[in-house]
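What follows is one chain in structure tokens, specifically the form predicted on its own.
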């Protein structure tokens, strides 16, 4: 009889066949959506997101982001009748109960893209309390009311586009003519704003504004644009109509800055002045007055930090959802995970928070469908 040989070397056997510890009772099994089931094929967005909770990777983070958003928007505090009138502050729902102050931030590329319509929906239906945008997020909203943005391709050569007066944002194209239309629209508005500023100065008894308080802040300036555009496709229009402030400390960093620059020559020696100090007081006061504060931050950079820093004033937000593709290895604020903000006091240690690593345009429409738009 031939002797049976064991061909497994002891070292390799121990390495490959290492014994597992017993699986803890609270471990959840990984599984996804089974489209062989009829109920899955006819699922609503909320059901799809629920099924993604146990898929792993960013699918699970997306589901968690939806849970956090639902928590912040459904939170309900005391009724007005329970709070002395002198102590009432923050925001109240239609039934008179305290509600979460939701700060939403977005970068300009999201307004350039078709996500603008989703963002407008949230503002139109008063689902957020305040917005922080980069400059492009203001001007691109107005420009789209005047002329369309078109689909292009990421690979279109810049040299050829420049020769044709076409500007590329990723795989989208904006004709330079759109900015000419924007200038034609802006100049009469700027003239009116300057006249109102000068009239305000005269009422204060000042010959010039050098020694007087400026009339305009970036948020008032943006609100005026929303009042002037009179277009229901506009985020700014609905923000004005619903009195939702839009803050933009970088207002001059874009085409609006160009328009203001050119206007200083047209109106010389007069010029429009903007008070950024009044706006930081307004923004931070919103945070201080909030009974509960939530953050939904789409992108990074200035819009992310401006909201986080406002929440520092109240010792941190109660909920936070970050969505961007930034990485933390280089120490960038955009790439930082929520726990870094906890160390600064910008998010509470016990807050429910998540960072979803994704292109906002691919995930936020699903998130809105499963949360804000689901009811």
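For clarity, a rigid core is taken as the largest C-alpha set superposing within 1.5 Å between two forms. Residue numbers count along the first chain shown, from 1. These figures come from a predicted structure and were not determined experimentally.
The next section is about a form of this same protein that is not shown, the form predicted together with a further copy of the same chain.
A heavy atom within 4.5 Å of a further copy of the same chain in the predicted bound form is found for exactly one of 83, 146, 227, 280: 280. Note on the interface: of 93 to 101, 268 to 276, 228 to 236, 74 to 82, the segment with non-hydrogen atoms within 4.5 angstroms of a further copy of the same chain in the predicted bound form is 268 to 276.
By the criterion of a heavy atom within 4.5 Å, residue 251 is counted among the residues contacting a further copy of the same chain in the predicted bound form. A residue is said to contact a partner when one of its heavy atoms sits within 4.5 Å of a partner heavy atom; residue 186 fails this definition for a further copy of the same chain in the predicted bound form, lying far away. a further copy of the same chain in the predicted bound form is approached by residue 109, whose closest heavy atom lies within 4.5 angstroms of it.
Using a 4.5 Å cutoff between non-hydrogen atoms, residue 66 does not count as a contact of a further copy of the same chain in the predicted bound form. Residues of 131 to 164 that come within 4.5 Å of a further copy of the same chain in the predicted bound form, judged by any heavy atom, are 144, 148, 149, 150, 151, 154, 155, 156, 157, 158, 159, 161, 162, 163, 164 in sequence order. Fitting the two forms on the rigid core leaves the C-alpha of residue 362 displaced by under 2 angstroms between the shown form and the other one.
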